[in-house]
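Presented below, as structure tokens, is a lone chain in the form predicted alone.
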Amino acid sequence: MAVTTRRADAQRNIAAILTAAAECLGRDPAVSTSEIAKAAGVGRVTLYGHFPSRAELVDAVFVQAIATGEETLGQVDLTGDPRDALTRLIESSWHLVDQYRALLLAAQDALPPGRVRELHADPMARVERLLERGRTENVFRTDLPTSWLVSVMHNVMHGAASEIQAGRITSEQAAPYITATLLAAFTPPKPE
């Protein structure tokens, strides 16, 4: 009985810590673990018992955000003209990037360089499939590797989040800017 209770308490603590961390990091990517523990209603020792480092906590919150985003992106209609499908995917993807913008900045700061990209593997695979279809239908360029085009989309999205953070563009401007940039970048060059 005591072990079951302790496990239930631990699960409640983990859930409270992750919820508090998502909220706190969403407001301030540099928030301290002490502030997260306080918001979760647990002590720092409890927080560190479950997440031995700030990076591990940020990673866990980012994994949750990616999973939530995958549910949303899985609902995007990617049928029809690949350019129209890409526009819909960009719009939905941008809303997620915008929603998790501060968390993304925390992840980029706290996690090893390849980890953020690794966690984006499923969303990037969706983009890759769409780009491959567009290449087959001759509406997306074939002179550059698909992996490069996916990387361009990833970097443009994250660059837009940084531009908003710096105050150079607004959230409302981002999706149309991203769409215009990527459609231009993905359009096949005119034959000479």
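Quick note: we count residues from 1 along the sequence shown, nothing fancier. Owing to the predicted nature of the structure, the values given are computational and were not obtained by experimental measurement.
Quick note: we don't show the form predicted together with the DNA, though the next part is all about it.
Q: Considering non-hydrogen atoms and a 4.5 Å limit, does the DNA approach T146 in the predicted complex?
A: T146: no contact with the DNA in the predicted complex.
Q: Does any heavy atom of V45 come within 4.5 Å of a heavy atom of the DNA in the predicted complex?
A: Taking the distances in the predicted complex, the answer for V45 is yes, it comes within 4.5 Å of the DNA.
Q: Can you check whether G26 is within 4.5 Å of the DNA in the predicted complex, heavy atom basis?
A: No.
Q: Taking the DNA as it sits in the predicted complex, is E172 near enough to touch it, meaning that at least one heavy atom pair lies within 4.5 angstroms?
A: No, E172 is distant from the partner.
Q: Quick check for you: of 51 to 59, 133 to 141, 120 to 128, 150 to 158, which stretch puts a non-hydrogen atom within 4.5 Å of the DNA in the predicted complex?
A: Of the options, only 51 to 59 has residues within 4.5 Å of the partner.
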